[in-house]
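Presented as structure tokens, the chain that follows is alone, the form predicted alone.
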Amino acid sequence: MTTVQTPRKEESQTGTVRKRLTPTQKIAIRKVLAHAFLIGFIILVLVPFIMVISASFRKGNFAPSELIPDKISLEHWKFVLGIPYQEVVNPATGETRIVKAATPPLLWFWNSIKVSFIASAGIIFLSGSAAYGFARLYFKFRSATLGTLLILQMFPMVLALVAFYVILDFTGQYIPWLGLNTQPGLIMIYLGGISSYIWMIKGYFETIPPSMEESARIDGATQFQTFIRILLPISAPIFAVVFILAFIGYMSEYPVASVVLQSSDNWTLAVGANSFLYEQEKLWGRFSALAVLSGVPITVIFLLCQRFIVGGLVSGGVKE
């Protein structure tokens, strides 16, 4: 019997053999592709940021368009930091003038930090206590209230600007320090947006075994003591996350602050920075300097709260 030999699949018509990639080569290719993707993503994030920094050091008021400024100047940063400087008005005659902000932008910077910090701290207090009630207590209309909060968080605060204006205008007639053009009034409006944070903290509370609190109650602790001494220390990571998210959101919030705060002395950094973008002339250099300055407190808050987040992640799960 004769056997018919079929040609190997690896061999082509020219007689060459196809080489298959080894597992080591496949891993190397995947690493190269992964690194290329990450490098491209980092460049995509950093390029706009570098352009804004470049515009803040570029002489003149040009929109961010270059990675390296052609003419370096500190005039925008001097204006933002409240340092007077001379500006040439007429190059032919050499006439100059002293440029200084009527309202120091550093005052807007301080207003933003103050409002954002107080509002974020209030968010933690209100949403934490409310989340504990929804996670550990059982009362009438509990599920209906949670569902209502879930629906409310789908609507942005911008939709209620007219209502905010009317409420603060009415409140200011009886309580002047809590009405329009007041920072406490703005903070009260910010504290109204706690529905999403309640859901976040509630979900974290539900991952903690109730047996830990029951053991404390057996030892004689009250419900408030178990909340303060047991639940809060364990929940430090989620409170740090909520504080960071709230602080970042309030530092960059513009629509509500622009309606509530009407005088330049009470403006936050977002409202003050937007005042540089006039219809006739857009002062991109000063705007870019304020944009870079606004990232400083956000970075500091993140670094301060990072140890709580990392500590909660590496400490391991809560065991019964």
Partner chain sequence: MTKGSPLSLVIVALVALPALYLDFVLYQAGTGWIALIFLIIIALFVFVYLSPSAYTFRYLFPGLFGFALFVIFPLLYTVLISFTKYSSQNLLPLERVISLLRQETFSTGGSTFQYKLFKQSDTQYILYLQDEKDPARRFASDPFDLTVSTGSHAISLLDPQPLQPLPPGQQPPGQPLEMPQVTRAKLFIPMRGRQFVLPDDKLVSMEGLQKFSTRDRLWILNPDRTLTNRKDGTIIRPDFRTGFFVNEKGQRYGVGFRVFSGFENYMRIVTDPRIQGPFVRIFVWTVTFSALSVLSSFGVGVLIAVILEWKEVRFRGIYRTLLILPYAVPAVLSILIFKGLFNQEFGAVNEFLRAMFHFAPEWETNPWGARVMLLLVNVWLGYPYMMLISTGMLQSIPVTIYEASAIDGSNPLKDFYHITLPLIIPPLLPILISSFAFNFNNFNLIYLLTAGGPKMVGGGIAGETDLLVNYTFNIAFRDSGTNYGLASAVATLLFIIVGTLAWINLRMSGRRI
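So that the term is clear: the rigid core is the largest set of C-alpha atoms that superpose within 1.5 Å between two forms. What you see is a predicted model, and the numbers here were worked out from it, not measured in a lab. Numbering follows the first chain given and starts at 1.
Omitted from view is the form predicted in complex with the partner chain, to which the following refers.
Annotated contacts: 146, 167 and 277 all touch the partner chain in the model of the complex [non-hydrogen atom within 4.5 angstroms]. Checking 234, 81, 121, 175 against the partner chain in the model of the complex, a heavy atom within 4.5 Å turns up for just one residue: 175. The contact with the partner chain in the model of the complex, taken as any heavy atom within 4.5 Å, belongs to 130 out of 107, 130, 208, 240. For the chain shown alone, residue 21 is not a contact residue for the partner chain in the model of the complex, no non-hydrogen atom being within 4.5 angstroms.
Taking the partner from the other structure, the partner chain in the model of the complex has no heavy atom within 4.5 Å of any heavy atom of residue 218.
Put simply, residue 223 is close to the partner chain in the model of the complex: some heavy atom of it is within 4.5 Å. Interface residue remark: residue 54 is not counted as part of the site for the partner chain in the model of the complex, having no heavy atom within 4.5 Å. Picking from 81-89, 68-76, 147-155, 94-102 the stretch near the partner chain in the model of the complex, with a 4.5 Å limit on heavy atoms, gives 147-155. Of the residues in 159-190, those that come within 4.5 Å of the partner chain in the model of the complex through at least one heavy atom are, in sequence order, 159, 160, 161, 162, 163, 164, 166, 167, 170, 174, 175, 188, 189. After superposition on the rigid core, displacement of the C-alpha of residue 282 between this form and the one not shown stays below 2 Å.
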